[in-house]
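Shown below, as structure tokens, is a lone chain in the form predicted on its own; questions about how it binds or moves come after it.
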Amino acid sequence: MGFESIQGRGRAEDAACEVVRALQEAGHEAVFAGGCVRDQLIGLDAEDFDVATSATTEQVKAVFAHAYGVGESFGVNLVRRHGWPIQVATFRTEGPYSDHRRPDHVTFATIEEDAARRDFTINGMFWDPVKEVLIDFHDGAKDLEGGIIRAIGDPVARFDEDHLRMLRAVRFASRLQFEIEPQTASAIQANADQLASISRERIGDEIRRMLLGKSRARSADLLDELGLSTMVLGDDRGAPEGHRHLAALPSELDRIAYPKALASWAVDRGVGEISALVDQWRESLMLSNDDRSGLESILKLHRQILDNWQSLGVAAQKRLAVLPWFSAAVELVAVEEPELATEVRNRIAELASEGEMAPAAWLSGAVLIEAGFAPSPEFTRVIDSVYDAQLEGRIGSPEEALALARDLFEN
């Protein structure tokens, strides 16, 4: 890894550089701060560019007439340049964290004091894009070079300020393929139960970011090793055979695929009673209705395929195969029983080659009423039975569907 110039790699960076230059020309210190410095030093694309400055909120607004406060009590303004929102924060120290999330108050400070209040050494570096100088008070560059996650100062104090930092340590370690240094890891293990004081929304957001990343299996391993998974999920199952289902998932996952990652994690840990697990995880991770529904569907389909696939008839196989999360369930099966997964996929391909898997039904309640049948509780049973016959090719037309319905009602 080299520490050559990290300037000029994209429009967002160009916009942020203009902000830094304008503040410096007005007589203030101004630098890039935090994650954008870390990521670009190791060749990753930064998600956004934050600017830290000696300028107060009022002084920032004097330089940028259209700046507006997004956290003025913390000295934070938003400045737009070429359509890019650039967050500009005044150097600060922080008071006590009574809620273990945000400081009770801040005091504007020097750049060195600002670095000291940050979480990890690799996040405590600054870059001056005008002078092309790295500013590093806590050997963040050395830890970046060595692949180390290390808390700045006393790790117990850092985690006591914001307990969520323990999960952030896991996310950074897995995403970057770094190790958590021993004192920092010990502080996490000793304080894992403090996650109970963190809002479930914040915990759920961190877990989602971990599971959608390509290093999700390592995240899950670290959560177990550090004693965090029990506090996160509300159970102590663990993963007796390792996180092989998580490891088998493709690289990065889109947000919509989150239920697939959750289901993989659940199977690795041992599912037990599906509804109970889904309800527990919904509360623990604050899952959306779609995520909860997807997780439950995948787990139920996974179990049906393992337990019943080979005994199902044509209609039942087709009905399962067209469900939204069926292919995700087959992927889970492929990890533990690859031959069965291959059989399922071959069978679905065979059925698909013979005709439409989910054709429009020839029989409906409206058709039955038009044919003279009085609405009754038997409608659903008859309609389902006729549709099974349609899927299996035992009837070949709407007329035959209605004739079969008459026989079913009579018998």
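Heads up: residue numbers just count along the shown sequence, starting at 1. Since we're looking at a predicted model, the values are computed, not measured.
If you look for the form predicted in complex with a small molecule, you will not find it shown, but the lines that follow are about it.
**Request:** Could you tell me if all three of 119, 162 and 168 have a heavy atom no more than 4.5 Å from the small molecule in the predicted bound form?
**Result:** Yes.
**Asked** Exactly one of 184, 174, 123, 191 has a non-hydrogen atom within 4.5 Å of the small molecule in the predicted bound form; which residue is it?
**Response** So the residue touching the small molecule in the predicted bound form, by this definition, is 123.
**Message:** Exactly one residue in 50, 384, 343, 29 has a non-hydrogen atom within 4.5 Å of the small molecule in the predicted bound form; which is it?
**Reply:** Residue within 4.5 Å of the partner: 50.
**Request:** Considering the small molecule in the predicted bound form, find the one stretch among 376-384, 58-66, 358-366, 30-38 with heavy atoms no farther than 4.5 Å from it.
**Result:** Residues of 30-38 come within 4.5 Å of the partner.
**Asked** Does any heavy atom of residue 209 come within 4.5 Å of a heavy atom of the small molecule in the predicted bound form?
**Response** Residue-level check for residue 209: yes, a contact with the small molecule.
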